[in-house]
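Below, in structure tokens: the form predicted on its own, a single chain.
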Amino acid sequence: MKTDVLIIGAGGAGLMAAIAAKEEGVDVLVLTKEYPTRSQTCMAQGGMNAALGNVAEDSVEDHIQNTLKSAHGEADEESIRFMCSEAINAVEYLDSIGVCFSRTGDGKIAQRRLGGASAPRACYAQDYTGLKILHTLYDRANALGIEFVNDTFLLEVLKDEDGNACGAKVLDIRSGELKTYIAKTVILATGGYSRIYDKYSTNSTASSGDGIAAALRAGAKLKDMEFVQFHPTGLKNSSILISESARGEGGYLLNSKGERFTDELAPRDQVSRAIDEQIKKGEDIFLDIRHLGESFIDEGLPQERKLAKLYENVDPVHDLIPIKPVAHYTMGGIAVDNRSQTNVERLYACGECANHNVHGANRLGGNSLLEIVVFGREAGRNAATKAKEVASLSVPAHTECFLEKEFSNTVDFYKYKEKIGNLLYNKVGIVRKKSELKDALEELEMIKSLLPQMGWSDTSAVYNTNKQEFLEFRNIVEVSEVVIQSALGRDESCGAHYMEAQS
């Protein structure tokens, strides 16, 4: 199977890259582990930043400065200036292809203020913003005739004898067959790695860092992997996300005594630490939006009400919502330049799996949807341009296949997957200590050494989720190791990486 541009992942970034590449006139093929309409982008609720100034005075420069401040000096100003300057065009593009943004009374795109922003800047579609963007991009991709192959698990990025990326080896989840796709250029858009924290994550179970692990095995550099953002308001029992839009619309954070204890619209790292401190004092923490009223909640925050009722058995019109901070977004990822090119020739990356140096140590709320549109488009255009320059398809060099190794299946990897999640949340979480990071790395290395004793017990070929989950577990182990090593390499506190001094 051959194409010009091979895209792996069909969330917002992958779809935007596919559309942009197709519009450049090259053949495009998209491989997806999940169905595109179910990708992680659909869980983004709060909005997408653009300094339209539709609700209050705002400017691109203020957007830039807010993003720089949130990044704690770890982002690239030139990249941020490009992203923020492109934001208005990005929203206008989405509006033009049919994204149903909420509107003001005079018909303009409505905007709300999220944490760390100096003005109401997030353009939204109730609290279904990511879902509406994702489905509209998928419609657009289908209208352009872009081909999708769903239920495909990335095993390895393939390279030719000269070290150029030239395709991918995958597992066809439906049939159990191993397949090879050859391409002139490859784009990874496989999402982040928050699910290494297992049950302590707002993300879907698919966010297991597959593309990042495969890129690492192919020789791509990773950057800032220690920067894991914890969202202040995951539901207490399920970790399901309650969007920042709830606080942006006026929601309060309360402890067991009914006291407010922090600025609810401070950047996420600050709010998460404030909650963590309260919890360590023995307090339960709640989000209170009762004062917003039923009609406002049903119009502006309908998903939050449904999620709280479904997963926590409380009605936020009348009840407090129990919450806790959980892993939500990963700022680290595959290092790319301003053309979305990795250090591996002809291998590009975009979306949460990539590090475009725009989030630094703490992402500003509303900038993730913006990033996938702006840099997804750039990745698609640049990969298409490079594909036109490549005269012919390459032959992949030999790559060892992990699935052909011997696995005794005497150790249950599911138990260790949960153990890694607990280990990371407790020792590589919101507040970190050097000694605990060392303990976590030692324990993870022990788990890694057990991989040959693990494996899959289901021997069926068709839709073997047991085998797929073992492959995800392998990636979780590899990515977790890098996260801990990166955290150990940074002694000072910086944004989401907060080190507690030890006596």
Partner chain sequence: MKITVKRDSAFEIYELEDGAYTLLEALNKIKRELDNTLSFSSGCRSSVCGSCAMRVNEKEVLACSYKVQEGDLIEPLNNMPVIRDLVVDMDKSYEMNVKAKAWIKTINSEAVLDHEAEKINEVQSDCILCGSCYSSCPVYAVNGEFLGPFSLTRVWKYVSDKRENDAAEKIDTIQTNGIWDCTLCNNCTVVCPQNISSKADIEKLRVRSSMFGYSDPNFGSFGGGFDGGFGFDGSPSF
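Positions refer to the first chain, counted from 1. Keep in mind it's a predicted model, so treat the numbers as computed, not measured. C-alpha atoms forming the largest set that superposes within 1.5 Å between two forms make up the rigid core.
There is also a form predicted together with its partner chain; it is not shown, and the following applies to it.
For its partner chain in the predicted bound form, the listed stretch (60-68, 438-446, 46-54, 453-461) containing residues with heavy atoms inside 4.5 Å is 453-461.
The closest non-hydrogen atom of His231 lies beyond 4.5 Å of its partner chain in the predicted bound form.
Residue contact check for Tyr425: none of its heavy atoms lie within 4.5 Å of its partner chain in the predicted bound form. In the predicted bound form, at least one heavy atom of Glu469 sits within 4.5 Å of a heavy atom of its partner chain. Its partner chain is not drawn, but in the predicted bound form it has no heavy atom within 4.5 Å of Pro302. Using a 4.5 Å heavy atom cutoff, none of Glu23, Ser79 and Val170 lies near its partner chain in the predicted bound form. This chain appears without its partner; in the predicted bound form, the one residue of Asn89, Asn343, Ser96, Thr410 with a heavy atom within 4.5 Å of its partner chain is Ser96. Contact with its partner chain in the predicted bound form, defined as a heavy atom within 4.5 Å, holds for exactly one of Ser238, Gln270, Ser394, Ser85, namely Ser238.
Residues are counted as partner-facing when one of their heavy atoms sits within 4.5 Å of its partner chain in the predicted bound form; in 128-146 these are Tyr128, Leu131, Lys132, His135, Thr136, Tyr138, Asp139, Arg140, Asn142, Ala143, in sequence order. Gly73: CA moves less than 2 Å between the shown form and the other one after rigid-core fitting. Relative to the superposed core, Val314 undergoes a Cα shift of 2 Å or more between the shown form and the other one.
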